[in-house]
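Just the one chain here, laid out as structure tokens, in the form predicted on its own.
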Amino acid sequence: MKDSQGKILVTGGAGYLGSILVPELLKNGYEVTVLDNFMFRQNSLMDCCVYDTFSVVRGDCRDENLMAGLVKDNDIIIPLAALVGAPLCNQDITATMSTNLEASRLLARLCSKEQCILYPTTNSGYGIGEKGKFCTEETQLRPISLYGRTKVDAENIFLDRGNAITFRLATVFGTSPRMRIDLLVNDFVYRAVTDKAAVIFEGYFKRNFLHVRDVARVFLHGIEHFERMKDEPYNVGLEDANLSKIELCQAIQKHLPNFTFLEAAVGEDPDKRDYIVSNEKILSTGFKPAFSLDMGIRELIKGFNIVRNSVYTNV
């Protein structure tokens, strides 16, 4: 285990993303403090406790006194703490606004100008894109869910503050110690493994996709190249994975031939996102995803032979 080469505070660090990112930060020699309220009763960071460079605080990112004490001791802040996904956000609008937006405003105020912030937002901010036209970082943001709106507003807070990088993440997939089944690829593979069938609403809607381990890798990339990347947003996803739901099901079917899917003639998807995304800007910085959709599907099939219950969702 290396000596610390920088101090990082990760809020929400025991979640789906953080449970992959935090061990990678520690392996790369960073001193990491995680703040999390452990709302899902997860124990996903137990393996990190062996590191002297790891510390964990059980608390709330909206607590100003707590945050002020934590922020001042760190060089880099990674705010992962959020209510994630349209369904969860719609269940508690007040908590969504205070956690996703007001806590971001608080953090921007507490950080000095010298401290670096790397913030994950979502490319769901593009809402419904123009047919056949790629969304770039210059494309107008038109979020259509409360979740999307709060993340877009928080992104603006950090970019306006300066000394920040924001990553507009594609829909994430893959296994994590704090597993989520309710993400689109994960959900469809789970259905393919357990039910061998799925009913799809509005199957032509397209999205971009990204493996959870590539999320960790892009944060490390951003830290290492912060000075030349700062004060900009970056789309992060797989260039060959701007796929409709039908195309996603067909990709899963290659691995699980017994999987059948049916597009419903009536009904609609509560999450109306439909867009294709260009990731050229992040690729131009030297970052390249390492995990393909096929790799993720194979991984998830194995994972869902282990996990067989609904604890692993956000709602």
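Start at 1 and count along the sequence shown; that's the residue number. Just so you know, these numbers come straight off a predicted model, no measurement behind them.
The protein also exists as the form predicted together with a small molecule; that form is not presented, and the subsequent description refers to it.
Of the residues given (Met39, Ile246, Ala264, Leu256), Met39 alone sits with a heavy atom within 4.5 Å of the small molecule in the model of the complex. When you look in the model of the complex, the only residue of Ala241, Ala164, Ile77, Ala170 with a non-hydrogen atom within 4.5 Å of the small molecule is Ala170.
Here the marked residues Val193, Ala198 and Ile252 all miss the small molecule in the model of the complex; none has a heavy atom within 4.5 angstroms.
By the criterion of a heavy atom within 4.5 Å, Val277 is excluded from the residues contacting the small molecule in the model of the complex.
Of the heavy atoms in Leu26, none are within 4.5 Å of the small molecule in the model of the complex.
Though the partner is left out of this view, Cys116 does not reach within 4.5 Å of the small molecule in the model of the complex, counting heavy atoms only. When the small molecule is considered in the model of the complex, Ile282 lies well away from it, no heavy atom lying within 4.5 Å. Contact annotation: the small molecule lies within 4.5 Å of heavy atoms from the stretch 147 to 155 in the model of the complex, the single such stretch among 198 to 206, 108 to 116, 147 to 155, 131 to 139.
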